[in-house]
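Here we start with a single chain on its own, the form predicted alone, put down as structure tokens.
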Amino acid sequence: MALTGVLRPGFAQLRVLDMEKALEHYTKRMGLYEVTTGHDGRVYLKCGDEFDHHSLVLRQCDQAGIDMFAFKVASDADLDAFEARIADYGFAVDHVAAGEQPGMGRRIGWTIASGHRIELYAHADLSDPKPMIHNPDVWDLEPHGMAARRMDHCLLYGQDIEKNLDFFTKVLDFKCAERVDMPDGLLAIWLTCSTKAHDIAFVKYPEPAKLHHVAFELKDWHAVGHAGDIITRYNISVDVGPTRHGITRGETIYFFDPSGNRDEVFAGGYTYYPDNPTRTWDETQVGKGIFYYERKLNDAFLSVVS
């Protein structure tokens, strides 16, 4: 499959209440690497198998949540092409100069119907540390903690997700891999720009711009179990898991960082191709779709957001 246009998720910027506790959580427990600290105090991190400068930005604030979610595009020309398409759709686009984040080229940004800020960029410096590229071992720096391999996706809660579906498919050329339809309308969508089951997802919610979770990919089901051991050993607050999804088929644990942002560790999932039909769930099986083994939802998963 030739990947053009929007390639993949790039980085998420989260708000945290206590930077020291957040760094301990994301580096020592989840296994990310601290890359650098910006002049404004934001801290930049990356996962073990990522080449871009960073994939997670932490900003200290008095309220947890997500500031933005960014995708990488194939070329600088794509930024100009997407800017025109986004503006034609009706969203105001702003520009972020190269270097506003360390190691990042210029970016464009806008606010979608659910209230979330989305950005696109084409250039990122190579990370340090980065995976080996000459006679490479399977890793250079020894994995630690949960050994997160990449920042995988975000699930965002907000209003007007029907408009998000329209925008992402018509303007950014995403595909809808799965959806949940309820008697009163669309509840949730899983969107992909790659061969993954999803790169971003949305659930209908009465408040705008909410974060449900940011997900980090692990190697396999055994690694998810190891993550569960770490969660228990260090008394990390758990939402649900280890379990698996019917939707996407991913193996998962949901838990919370010290600020109350929900994290997911995720393995598996099916391969998606753009000629695949959309998989659809309804109200009779939505519990099984979300939590395949339990076959029911829990209250916290539906209602706790940041």
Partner chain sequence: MTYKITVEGAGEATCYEDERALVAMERAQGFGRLRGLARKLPVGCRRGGCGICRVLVLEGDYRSDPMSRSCVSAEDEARGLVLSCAIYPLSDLTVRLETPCLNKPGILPAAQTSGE
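Residue numbers count along the first chain shown, from 1. It should be emphasised that the depicted structure is a prediction, and the values quoted were computed from it without experimental measurement.
The discussion below concerns the form predicted together with the partner chain, not included here.
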Output flag, Gly48, Asn135 and Ala267 jointly within 4.5 Å of the partner chain in the model of the complex, heavy atom basis = no
ask   = Can you pick the one in Ala84, Leu141, Ala77, Ala97 that has a heavy atom within 4.5 Å of the partner chain in the model of the complex?
value = Ala97
note = Residue within 4.5 Å of the partner chain in the model of the complex by heavy atom, from Gly115, Gly228, Pro131, Pro102, is Gly115
key: Partner-proximal stretch of 180-188, 166-174, 142-150, 203-211 relative to the partner chain in the model of the complex, 4.5 angstroms, heavy atom   = 203-211
query = Is there a heavy atom of Lys196 no more than 4.5 Å from a heavy atom of the partner chain in the model of the complex?
reply = no
task = Answer with yes or no whether Asp257 is in contact with the partner chain in the model of the complex, where contact means some heavy atom within 4.5 Å.
result = yes
request  = Indicate whether Glu34 is a 4.5 Å heavy atom neighbour of the partner chain in the model of the complex.
outcome  = no
request  = Examine Arg107 and determine whether its closest non-hydrogen atom to the partner chain in the model of the complex is within 4.5 angstroms.
outcome  = yes
ask   = Which residues from 219-245 come close to the partner chain in the model of the complex, meaning a heavy atom within 4.5 Å?
value = Asn235, Ile236, Ser237, Val238
